[in-house]
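Given as structure tokens, the chain that follows is alone and in the form predicted on its own.
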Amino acid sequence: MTRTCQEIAAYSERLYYDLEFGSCKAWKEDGGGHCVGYMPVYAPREVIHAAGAMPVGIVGAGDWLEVIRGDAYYQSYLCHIPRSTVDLAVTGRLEFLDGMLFPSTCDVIRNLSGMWQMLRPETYSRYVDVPQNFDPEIGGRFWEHELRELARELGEVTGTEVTDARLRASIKLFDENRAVVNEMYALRRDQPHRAPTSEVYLVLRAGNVVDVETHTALVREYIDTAKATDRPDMDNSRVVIVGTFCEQPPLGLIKSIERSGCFVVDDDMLLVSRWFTADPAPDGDPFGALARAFVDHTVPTAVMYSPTSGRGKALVERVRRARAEGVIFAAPSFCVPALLDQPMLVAELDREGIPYTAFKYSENTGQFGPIREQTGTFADTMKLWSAA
């Protein structure tokens, strides 16, 4: 039986709220293999997959878990995601993981990798120090070496050697996944009434906790169904959301923005699913192909060093490409990369005359009334400006 968009979203929402990671455990128990977790923003999922493990996105506990034990490990002036992740760990919800990767996002995630090693010394963990120099002969060679070391270590954990053939096959699967995710984003950009972000976000989040083939099929099903579903269009304001690359926004926040009269036509949520702007080379050395893709075809984001103001220009290009009318800066509270990046991005928007508004949130936010009023006023103002 063909599912509706609402039914696909409801299935994805059950995965979204499942803090017991039932889908991952079922995959593991059915003989799928090992599970290796990773924190946002980026992790080389292709290498994890080639080692015979399912990459599992760990993005905190959202707004449906009262964090108690995790607050004993971190100061209150830090973002919420490390505290909720620790709470998931100490309450036993992450014991199914055979390993954990902590990418180079910020000092908090770096510190969380050490905290994890103290909490679970018996489990493999690694701080993934990605290159900040994008010269292929410097950053590229460094990253290729790191990928090979990671593959060797993961192979020891899972008992599966990461051969070139296995890695090429994994790269192909994630290329296919990225292609359908980009197609879903293009559908939302061109016809946002058919693919509301509250649904797209849930379908995207499902990729954290199901295998890549299942997720590719799910996204394809949603695209086909959304295209065939007749939904009324609305005179909403088209906006781009910026700042949600690490600590993910609560679903209620996304719905509040939509209900305020906004179509979200681009965002930086869960960038791992579309990190490369071009596919790695299909032939030759797959480790070198991944390394070159990283240094040559990486999305601009606050967690990656840029010696120029290129990210501001890239944001303007995204706004133009999405035919957006304005930008919403939605940074998690105390998110240093997002908040340090924001003034540079704002300066570029000011130069181009692109309107914007800003607020901060936490993944455990429960009250969205003020945010809905703020974004609703922003949407109304943009309509007045465009009419003028």
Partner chain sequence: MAPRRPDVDPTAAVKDRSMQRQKELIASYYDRLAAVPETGEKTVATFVPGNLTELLLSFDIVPILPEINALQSGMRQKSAGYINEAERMGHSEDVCTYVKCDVGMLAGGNIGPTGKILPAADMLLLSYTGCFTFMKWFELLREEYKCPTVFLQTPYQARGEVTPEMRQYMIEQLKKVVIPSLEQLTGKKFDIDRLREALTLSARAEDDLVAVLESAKHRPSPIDSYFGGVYYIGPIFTAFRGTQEGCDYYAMLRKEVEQRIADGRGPTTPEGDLEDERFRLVVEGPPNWTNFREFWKMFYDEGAVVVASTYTKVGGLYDRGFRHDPSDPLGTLADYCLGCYTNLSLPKRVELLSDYVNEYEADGFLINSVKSCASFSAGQLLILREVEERTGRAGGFIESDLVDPRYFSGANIKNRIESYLQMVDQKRSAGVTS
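Residue numbers count along the first chain shown, from 1. Treat the numbers as computed from the prediction; the structure is a model and nothing was measured.
FYI, the form predicted together with its partner chain isn't displayed, but the following is about it.
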| So in the predicted complex, does residue 114 come within 4.5 Å of its partner chain, heavy atom to heavy atom? | yes
| Is residue 357 a contact residue for its partner chain in the predicted complex, using a 4.5 Å heavy atom cut-off? | no
| said: Can you tell me whether residue 163 touches its partner chain? I mean in the predicted complex, with a 4.5 angstroms heavy atom cut-off. | reply: no
| residue 351 within 4.5 Å of its partner chain in the predicted complex, heavy atoms | yes
| Which of these stretches, 42-50, 320-328, 29-37, 340-348, has heavy atoms within 4.5 Å of its partner chain in the predicted complex? | 340-348
| Just one of 298, 191, 198, 306 has a heavy atom within 4.5 Å of its partner chain in the predicted complex. Which one? | 306
| Contacting member of 241, 204, 302, 88, with respect to its partner chain in the predicted complex [4.5 Å, heavy atom] | 302
| task | Would you check whether its partner chain, in the predicted complex, lies within 4.5 angstroms of a non-hydrogen atom from each of 78, 110 and 125? | result | yes
| request: Give, in sequence order, every residue of 118-136 that has a heavy atom within 4.5 Å of its partner chain in the predicted complex, or say none if there are no such residues. | output: 118, 119, 124, 125, 126, 127, 129, 130, 131, 132, 133
